[in-house]
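Given next, in structure tokens, is a single chain: the form predicted alone.
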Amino acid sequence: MITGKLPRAQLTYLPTPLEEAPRLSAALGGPRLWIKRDDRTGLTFGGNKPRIFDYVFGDVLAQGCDMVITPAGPQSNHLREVTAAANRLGLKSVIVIFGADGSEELQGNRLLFDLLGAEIRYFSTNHHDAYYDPALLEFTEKIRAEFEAKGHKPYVVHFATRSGVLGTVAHVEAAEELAKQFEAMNRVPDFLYVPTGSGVTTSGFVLGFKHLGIPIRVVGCSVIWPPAQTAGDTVRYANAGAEELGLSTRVTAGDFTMLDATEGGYEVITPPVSEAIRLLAKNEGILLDPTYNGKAMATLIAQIRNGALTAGHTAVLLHTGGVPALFGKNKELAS
């Protein structure tokens, strides 16, 4: 295993299934389709975050830290799984929610933060770019200093820090896992579609497949920022991950494709996204979240309809979890 020397917290149930979706494929008249079920990685509702936190919390424990602090938005899967991982390991956690003030309805992930007993601090802004806002990082740093003064040893989980590189590392391992599953099915699919926010998850697959020589094209579906920006972040994370692992392999923007899945804006449900969620649910009994995977599936469907994906292709959609977000969008998604 490429990542075998790094400390891990063993929070996940791996490998996750790789399931064919023949009824969806027939309904679309398109390529042979598979779903990589990383919604089954473990903790609360699975997803790509438990894979990442295997390595992040491995680092937390290796450094002797006794608590974690992490920021994100009010329906964040990241905040949910950080809190769950900390609870599982007996660590204290503080989550920083931006874009909310505590008066919002306890629905979706926001309800789960409450059930998990999260200690919550609020940072006032309503734009997703706040994640990389220096003011948010300064706010988070003040919380770290507050708890350090109380005798704690805090660890800040933020993808602008070491956590992002460890997220890439986690998905290099995921690429190895998929490579073994491709070997078992005696074929390498043409494409892997990945819902892409920060680029951390996508970068690990690109680096892993390139290092292993697996001829599959990773297609990122950028749901937050313009594709060129996300592609640049993906390259940066991939090469930082290669350095972390001591690999000579390096990644360029030509090693993968990044498509625009930002239509409507972040967390906005468009008709193609709603259609994509319903198509997979009705044909395969699999639920997708509306923020990441629903947009990636809508992008994949658009690729079929514009002829970029044909009946002769084989494509895999990475399911990165996040299903609780459906319940935070009940009014938009109701028939």
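What you see is a predicted model; the values in this text were computed from it and never measured. Residues carry their position along the shown sequence, with the first being 1.
This next part talks about the form predicted in complex with a small molecule, which is not shown.
Student: Give a yes or no on whether each residue among T3, S163 and G241 has a heavy atom within 4.5 Å of the small molecule in the predicted bound form.
Tutor: No: none of T3, S163 and G241 comes within 4.5 Å of the small molecule in the predicted bound form.
Student: I'd like to know whether G197 contacts the small molecule in the predicted bound form, with contact meaning heavy atoms within 4.5 angstroms.
Tutor: Contact with the small molecule, yes.
Student: Hey, in the predicted bound form, is F159 touching the small molecule, heavy atoms inside 4.5 Å?
Tutor: Heavy-atom contact with the small molecule at 4.5 Å: present for F159.
Student: Please determine whether K49 contacts the small molecule in the predicted bound form, using a 4.5 Å cut-off between heavy atoms.
Tutor: Although the small molecule is absent here, K49 would touch it in the predicted bound form, with heavy atoms inside 4.5 Å.
Student: State yes or no: in the predicted bound form, is some non-hydrogen atom of Y292 no more than 4.5 angstroms from a non-hydrogen atom of the small molecule?
Tutor: The answer is yes: Y292 has a heavy atom within 4.5 Å of the small molecule.
Student: Could you tell me which of 320 to 328, 6 to 14, 307 to 315, 20 to 28 sits within 4.5 Å of the small molecule in the predicted bound form, going by non-hydrogen atoms?
Tutor: Contact criterion met by 320 to 328 only.
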